[in-house]
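Let's start with one chain on its own, the form predicted on its own, as structure tokens.
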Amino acid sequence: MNQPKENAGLSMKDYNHNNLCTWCDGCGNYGILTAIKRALIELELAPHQVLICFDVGCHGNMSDTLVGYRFHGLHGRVISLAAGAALANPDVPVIAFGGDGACFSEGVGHLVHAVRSNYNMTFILHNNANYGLTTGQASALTPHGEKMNTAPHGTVEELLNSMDFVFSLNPSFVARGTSGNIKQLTDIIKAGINHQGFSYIDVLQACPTYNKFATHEYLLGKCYEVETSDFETARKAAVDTSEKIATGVLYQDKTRSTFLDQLEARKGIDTRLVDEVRKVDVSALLAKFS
């Protein structure tokens, strides 16, 4: 990704906003915020050169703490929003953030088709295994039997294994990190942005207020880094979290074509879809039916 040389002087301050963070003390969102800013400046991407989209949830407050082009969408719909932007102008890197509740409940259909279509964008899942904004409501990724605010006797639904689900869709890029390992997460995000296709990044994050079963210390102690290029090996390592949790860029297929590159109707066309949007006088067409 070649950017103008003047971007070489970028620093964290270029992405800092004067708005105060409103997350709870110890929230994993602080680590993810730091990692995304570090990734963008290390890629020499200025705030005006990237689009960052947010879903509804605690993570969405990040849109108030970053400088740049940000779009705060509807609950569970951030992937479809970001995919549209990525299709409209492939020259602008598009990054979308969503929570485990919004992504695997309201918006799971959008995730399915983004992976299978291989839209050229990066999706970062804030996985704290609950709906933090609605004060500890169980999500599809909350372990079975966990006692939550909305399930005081323990959740009765079975946990949806997010990694097994994503791998079943034949993805071109899958990674997992933790909010406590900022250096590794920075490298993962950079790899995801540079990947041509849909980059799925699952970030295990601490929620000190409502998630008492996956603390910051627990995650750091259980995670280990994996490097593999084999699909089945990567899937097995990602799914099995009984003893340890595999992190890193777990799988990447650089040979897959993106959605736009596969469209025959776009072959040989140099313009971007965003360039082709213009006002058209349809009065003559309407006159035929009047």
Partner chain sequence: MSRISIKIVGAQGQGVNSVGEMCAKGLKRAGYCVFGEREYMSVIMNGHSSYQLEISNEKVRSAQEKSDVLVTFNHHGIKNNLRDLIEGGVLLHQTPQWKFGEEDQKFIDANSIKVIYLPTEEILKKLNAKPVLGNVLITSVVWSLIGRSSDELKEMVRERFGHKKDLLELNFKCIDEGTQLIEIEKLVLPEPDDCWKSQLLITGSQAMGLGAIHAGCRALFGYPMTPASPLLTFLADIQGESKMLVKQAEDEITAVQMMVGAMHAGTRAMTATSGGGYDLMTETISLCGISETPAVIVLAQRPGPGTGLPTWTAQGDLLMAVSAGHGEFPRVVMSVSDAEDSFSLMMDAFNYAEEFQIPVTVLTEKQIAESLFTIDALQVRGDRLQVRRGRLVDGDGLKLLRASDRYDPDAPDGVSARWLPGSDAPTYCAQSYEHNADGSFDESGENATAQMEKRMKKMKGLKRVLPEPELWKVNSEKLIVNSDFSGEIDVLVVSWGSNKNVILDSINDESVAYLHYTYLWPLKTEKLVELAAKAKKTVLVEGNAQGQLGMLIKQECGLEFDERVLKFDGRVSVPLQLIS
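We call the rigid core whatever largest set of C-alpha positions still superposes within 1.5 Å between the two forms. Note that the structure is predicted; figures quoted are calculated from it, not measured. Positions refer to the first chain, counted from 1.
Form predicted together with the partner chain: not shown, discussed below.
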Non-hydrogen atom contact Leu260 with the partner chain in the predicted bound form at 4.5 angstroms: yes
Contact flag, Ser105 vs the partner chain in the predicted bound form, heavy atom cut 4.5 Å: no
Proximity of Val156 to the partner chain in the predicted bound form, heavy atoms at 4.5 Å: no
Non-hydrogen atom contact Ile188 with the partner chain in the predicted bound form at 4.5 angstroms: no
Interface stretch in the predicted bound form with the partner chain - options 26-34, 225-233, 252-260, 238-246, non-hydrogen atom within 4.5 Å: 252-260
All of Leu10, Cys21 and Gly197 with a heavy atom within 4.5 Å of the partner chain in the predicted bound form: no
The single option of Tyr131, Phe167, Tyr119, Phe173 touching the partner chain in the predicted bound form, heavy atom within 4.5 Å: Tyr119
Heavy atom within 4.5 Å of the partner chain in the predicted bound form - residue from Leu87, Ala151, Ala140, Ile182: Leu87
Those residues of 261-290 which, in the predicted bound form, come within 4.5 Å of the partner chain by heavy atom: Leu263, Ala265, Arg266, Ile269, Leu273, Val274, Glu276, Val277, Arg278, Lys279, Val280, Val282, Ser283, Leu285, Leu286, Lys288, Phe289, Ser290
Displaced residue check between the shown form and the other one: Asp25, CA, 2 Å or over, core reference: no
